[in-house]
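Just the one chain here, laid out as structure tokens, in the form predicted on its own.
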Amino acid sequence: MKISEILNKNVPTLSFEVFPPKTDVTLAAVMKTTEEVAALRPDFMSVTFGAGGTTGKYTLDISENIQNKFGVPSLAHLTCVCSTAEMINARLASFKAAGIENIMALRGDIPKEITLPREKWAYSHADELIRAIKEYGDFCVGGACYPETHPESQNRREDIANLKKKTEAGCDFLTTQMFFDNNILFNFLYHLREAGVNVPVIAGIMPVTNAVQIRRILQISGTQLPQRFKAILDKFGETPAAMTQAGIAYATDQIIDLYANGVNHVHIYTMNNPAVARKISENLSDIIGRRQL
């Protein structure tokens, strides 16, 4: 099923992101982890793609397994950095042959060691990749957005102009980078709609269970922490079990507030932690009408 069909039902949805392993050594363990998440029967699952293609070869395997074994629609990530048109088309052909209908089109993080000279890259921006995917076949295509503005954009106006390019290229929906203050998302959505970007927007939420990890991620992404969340990190960050419980509670509160205010679609960055995905699902079971989870 195409994700655009799921989003158009206009009811609360809950989906999860997982990531593939970097080597064959951990493939079996990661496959088991992703199966545990899929067993929760989310509306769909996304499978990430490594920078410069480092883990891209496993994205298809996991996406296909999730979809065929559990009937959960898969959203396979695809990046265009360090890729020729032939490489992209080969990946699209593999997705199509495996029955994958949904693709998350991203430029991707530029790796420190570039494996292909820039002049040989077929596409340098996500909107170019989106257009190429749409021209290749009948895929539902998603794109990324940053409620706090993309780190490489000079300002919000420029950032939203670039998002508009994505939708004009055929992007069917957008998924946000993580954020910890819902007011930031509400403000972002207002400016998006004002600019004429009307595709569905899925809110990306990360339940924080590791204080060290989140501080590192924040340094890279530039995401801001509200004082309320900083207090949680300061109080519970050094106690893993307490931080996990507090992080899940904070994320659950965020999600409930989003649903209550008309943001129907939420995507959880699970960090390959089935226990976190399960607890979030349990906390929301009656709200999303899925008590069997």
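Nothing here was measured: the structure is a model prediction, and the numbers come from that model. Position 1 is the first residue in the sequence shown; the rest follow in order.
The next section is about a form of this same protein that is not shown, the form predicted together with a small molecule.
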Taking 4.5 Å between heavy atoms as the contact cutoff, choose which of V141, L106, V201, V197 touches the small molecule in the model of the complex. L106
Residue (of E86, E135, E152, E168) lying close to the small molecule in the model of the complex, criterion heavy atoms within 4.5 Å: E152
Only one of 210-218, 77-85, 179-187, 90-98 gets a heavy atom within 4.5 Å of the small molecule in the model of the complex; which is it? 77-85
Taking a heavy atom within 4.5 Å as contact, would all three of L27, E35 and Y58 count as contacting the small molecule in the model of the complex? no
Is the gap between T175 and the small molecule in the model of the complex 4.5 Å or less for some heavy atom pair? yes
For F44, is any heavy atom within 4.5 Å of the small molecule in the model of the complex, or not? no
Is V72 close enough to the small molecule in the model of the complex to count, meaning some heavy atom within 4.5 Å? no
Should H191 be classed as touching the small molecule in the model of the complex when contacts are defined as heavy atoms within 4.5 Å? no
